[in-house]
Every structure is written in C-alpha cells, then in structure tokens.
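Two forms of the same protein chain are encoded below as structure tokens; each is given separately, as structure 1 and structure 2.
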Structure 1
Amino acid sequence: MSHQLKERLQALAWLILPIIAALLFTAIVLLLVGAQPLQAFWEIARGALESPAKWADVLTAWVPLALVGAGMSLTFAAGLWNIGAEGQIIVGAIFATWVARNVHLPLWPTLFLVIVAGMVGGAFWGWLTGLLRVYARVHEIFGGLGMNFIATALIIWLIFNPWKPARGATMSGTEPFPPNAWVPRLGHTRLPPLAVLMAILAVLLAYYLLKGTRYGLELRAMGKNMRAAFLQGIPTHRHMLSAFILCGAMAGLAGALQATAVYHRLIPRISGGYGYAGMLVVILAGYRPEWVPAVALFFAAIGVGSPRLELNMQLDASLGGVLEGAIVLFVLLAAGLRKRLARRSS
C-alpha cells in the first residue's frame, strides 16, 4: 500500500469514526428512554425523504443553513467566533419587512429591494458586533450574544406594537405581506427556487473569496496567528470588520428570505435557530465553504425528518438536535485527538 493511499484512508477513517461514535451515542440515549434506535433513525430519514413535498421542505430548510454557513466560513477563517448570526437573521428580516410593508411596486422590483434591505440589515448588525470586537475589545462571543438578545427584543416589540395586526398582536406575527413581496414558490411546494439559487451563489462567493483572492489568504493568515498577521502588514481591523459585514449580509439575506419566501410575514421566531445551527454546519464542514452545502443538507434533512419521531414514536423532535450536536462534538474530539497524536509522532 502506497504512503499516499494510506494517508487518504486514515483521513477517511478520522472522518467516518466520529459519525459512527455520534450514532452510537444517540442510540444509547434512545435505549435509555426505551426506544428502538434503528426505528428512530429510519423515521427521521423517512420523514425527510418520503415524498417530493418533503424533499422541497428539506431544500427550503437548507437555504438559511447554507447562507449562514457560507458567511460564517469567512469569520471562522479569520479566527472569529461569530455567534451573532442569529441576531443578523432577525434584523435582516426586520429590514426586509419594512420594505415589504411600505414599497408598492411590481413583484421583481419589490423583491430586489427586499433582498437588498435584508442584506443591509444583517450587514449593519454584523458591523456593530465587529465594532465591539475591534474598538471596544468585547469578545465576539459576548458581543454577538448581546446583539442577539437586542434583536430578539426588537422583533417582539415591533410585532406587538407598531406592526401588530388589526385584530391584535399574537405570536403568529404581523399581517401577511402584499403578494408583490412574496418570493415565488415551485408549484404547490414551499420551495422558493430563487432562494436556492441565491444560497448557491453565496457559497460560491465565500469559496472564491477564501480560495481565490488575496483577501481570503489574509483572512486565513489572521486565523492562524492574528498578531503575526498584523506584524506582516495585514490590515487586521479592517478585515475583521469586513468579515463580520459579509457574514451579516448573508445571514440578513437568510432572514429576508425566511420572511418573504417561507412565512410571508414577520414572526417572533423568524430565525428558527438557524444562526446557531449554521455554526454547527460550518464547524462540521471543517470551516471550508465547499463542504457547507453537503453538511447543511444533512442538517436540513434531520430538521425536517425529526418531527416524525413525535408522530410515530412519541419522542421529542429535539432528538434530532441531539444527533446534530453529538456529531459535531465527536468530530471536534477526533480533530483534537488527531492533532495530539501527530505532535507525539513528530
């Protein structure tokens, strides 16, 4: 066996073994609650893939995961833990909602303004987190979480006060948008082809920036050693702010599409937890945008299929989140173990 082939097989083993360990861990959890693991995994798969309508739902859930994952690949490349994507989704949806409620133009001009507004809103919220990191020395984890709480409070205030429906404010959200602010769907499904296309373009943009530009090279140098990058003349402050802005723009786009393509209104839970799930996606993708689409599709399938556990097995649908988190945990543990073994052998 050649040395190169041996290295490839070892890399494949380090990728597969954590997934097997996560499945075994989840199986143990299922056995502890008296459920059959194989049946649970089958129900999740069947719930996600049993019909074309379910496939469409998986792709619909894939869009925000891919957008957030693509954006976070930029901030992670720079060594920044951008926890604030959840708030950036919310603010993007708020900006898009303002346009949808106040602009009365034909469909495509309205959608263009809605999309731009969502990206501007998310970029603005990401920029604020970046300002806290760069100039106030607030770590992006704490700054991002704080901005998430502010965004959550803002959306609830808007829905229950100035934007409340005529019949009274409820958790169902605002009045539906005018039809000229609805992103067209594919047939009778919930799938918006335009949203899928925009997510693909966002992933390609992130890949190009990181792999094909000097900017991406400098971001990755910052991620390796921020101090050394600064001493080499890389404008680290400017690049940190731009990474937050780009990530925020993609998350804001996800929020705009959630409001105009999925719900056709603004609801309190418009983010759907995709900001946090997107972080898991990019971690499992190894911070590489080229792997984000596949990992996001896997997470989307689990999210769509998990409710079947409640229907057929009387298990909470949050078990899907346990599986997602376990996979990420074991992948991180395997990566750490692999590095330690490599240091010992060198």
Structure 2
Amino acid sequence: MSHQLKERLQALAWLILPIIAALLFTAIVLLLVGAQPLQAFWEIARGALESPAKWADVLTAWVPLALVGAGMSLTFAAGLWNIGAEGQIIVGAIFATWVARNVHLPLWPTLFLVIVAGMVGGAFWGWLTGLLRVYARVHEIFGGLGMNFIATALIIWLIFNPWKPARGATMSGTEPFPPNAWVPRLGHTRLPPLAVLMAILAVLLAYYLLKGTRYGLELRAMGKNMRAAFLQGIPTHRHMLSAFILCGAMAGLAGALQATAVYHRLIPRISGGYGYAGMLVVILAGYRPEWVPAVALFFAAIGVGSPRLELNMQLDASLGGVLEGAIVLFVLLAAGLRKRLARRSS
C-alpha cells in the first residue's frame, strides 16, 4: 500500500470515527427511553429521503443553514462569535413582512423589495450587535443574545398587536401575505429555486471574499490576533462592524425567505433555530465556507427527517438536534485527539 493511500485512509478513518461515536451516543440515548436505535435512524433517513417532495423539503431547509453558515464564516474569520444570527433572521423576516404587507406592486418588484428589506433588517440588527461590541465593549456572545431576546419580544408583540389577524392573535402568526409577495415554488413541491440560488451566491461570495480579497485577508488577520491586526493598520472597528453587517444581511435574507418563500406569513418561530444550528454548521465545517454547503445539507436532512420520529415512534423530534450536536462534539474531540496522538508519536 502506498504511503499516500495510507494517509488518505487514515484521514478518512478520523472523519468516520467521530460520526460512529456520535451515532453510538445517540443510540444509547434512544435505548434510555426504550426505543430501537436502528429503527429511529431509519425513520430519520426515510423522513428526509423517501420521496422527491422530501428532497425538496431538505433543500428548502438547506437555504437558511447555508445562508447563515456563509455569513458566519465571515464573522468567525474575524474571530467574532455572531450568536445573534437568530435575532438577525427574525428582524430580517419582520422587515420583509412590513414590505409584504404594505407594498402592492407586481410580483417581481415586490419580491425584490421584500428581499432587500429582509437583508437591511438583518444587517441593521447585526450592526447593533457590532456597535455593542465595538463601542460598549460587550462581548458579542452576550450582545448577540440580548439582541436575540429583544428580537423575540419584538416579533411576538408585532404578531399579537399591530399585525394580529382579524380572527384574533395566535401562535400561528399573521394573515398570509398577498400572493404578489410569495416567492414562486418549483412545481408542486415547497422548494423555492430562487432561494436556493441566492444561498449558493452567498456561499460563493463568502468564499471569494475570504480567499481572494484584501478585506478577507484583513478579517482573517483580525481573527488570529485583533491587537496585532490593528497595529498593522487594519481598521478593526470598521471591519468588525462590516462583518456583522454582512453576516446580518445574509441571516436577514434567510429570515425574509422563510417568511415569503416558506410560510407566506410571519410566525413567532420564524427563525426555527436556524441561527444556532447555522453556528453548529460552521463549526463542523471548520469555519471554512467551502465546506458549509455539504454540512448544511447533512443538517437539513436530519432536521427534515426527525419529525418522523414523532409520527411513527412517539419520540420527540429534538433527537435530531442531539444527533447534530453529538456529531459536532465528537468531531471536535476527535480532531484534538488526533493532534495529540500525532504530537506524541513525533
């Protein structure tokens, strides 16, 4: 066996090993509640892949994960934990909803305005977190969480007060938007091709910014050492704010698309936890945008497949989240173990 082949196999083993460990861990969790692990995994897989309609659902769920993942690869490059993406999705959806409710133009001009509004809303919310970080020296994890809480309160207030439907406010959200603010879907599926296209563009943008531009290089320098980057003459404050704004715009776009392409209305849980899940995606992707699409697809499949557990096995769908978290955790731990073993043998 050639040396190179051996190395490749080893790398592959280090990739598969933590996934097996995560599956084993999840299996133990299932056994704890007296469920059949293999059956549960099978249900998740079937729930995600059994029909073209499901594939379309997976791709639909992929869009917000890929968008948030692309945006966060920028903030992570600058060493920032933009945990506020959740709130940025919500505010993006809110801005988009305002336009959808108040602008009455033909389909495409309306959609254009809705999407731009979503991006502006998310960018605005990201900018606020950035301001807290830069000028009030609040760590972005806490600033972002605070902004998430505020966004959550805001969306509930809007749905229960000014935007409540005529038949009375409920958790099921506002009245549906007028159809001129609906992103067209592919055939009879729920998949909006336009949204997929925009997510692909966002990933490409993040990739080229980081690999090929001065701005990306400067963000990476900040991520390695903020102080040293500043001493090199990089405008760290401005770049931090712009990274938050760019990430916020992508998260806001995700929120706008959730509202106009998926639900056709504003609902209280519009963000669907994609802000936090997106963060797991980027961590698992090793903070590199080029790996975001694949990881996001995997997570989207788990997310679409796991509600099947409730239908067929009377289990809570949160098992999907457990599986996702376990995979990221074991991949991180395995990476550390591999480094440690390599150092010991050298």
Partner chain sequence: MDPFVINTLASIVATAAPLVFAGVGETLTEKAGVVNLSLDGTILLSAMAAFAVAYNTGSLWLGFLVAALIGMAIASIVAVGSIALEQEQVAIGFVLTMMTADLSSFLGNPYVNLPGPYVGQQPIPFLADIPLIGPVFFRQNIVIYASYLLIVLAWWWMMRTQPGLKMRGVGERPASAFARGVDVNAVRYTYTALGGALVGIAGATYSLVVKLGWSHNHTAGNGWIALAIVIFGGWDPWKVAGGAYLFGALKALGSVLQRNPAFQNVPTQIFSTAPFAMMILFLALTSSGLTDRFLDLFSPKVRNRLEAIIRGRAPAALGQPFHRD
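Remember, it's a predicted structure, so these values are computed and weren't measured experimentally. For clarity, a rigid core is taken as the largest C-alpha set superposing within 1.5 Å between two forms. Structure 1's sequence is the ruler for residue numbers, which start at 1.
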remark   = Shown alone, the chain in the form predicted alone appears as structure 1
message = My question is whether Pro52 is one of the residues whose C-alpha shifts by 2 Å or more between structures 1 and 2, given a fit on the rigid core.
response = no
task = Would you say whether Gly336 is displaced between structures 1 and 2, judging by a C-alpha shift of 2 Å or more on the superposed rigid core?
result = yes
query = Superposing on the rigid core, does the Cα of Ala294 end up 2 Å or more away between structures 1 and 2?
reply = no
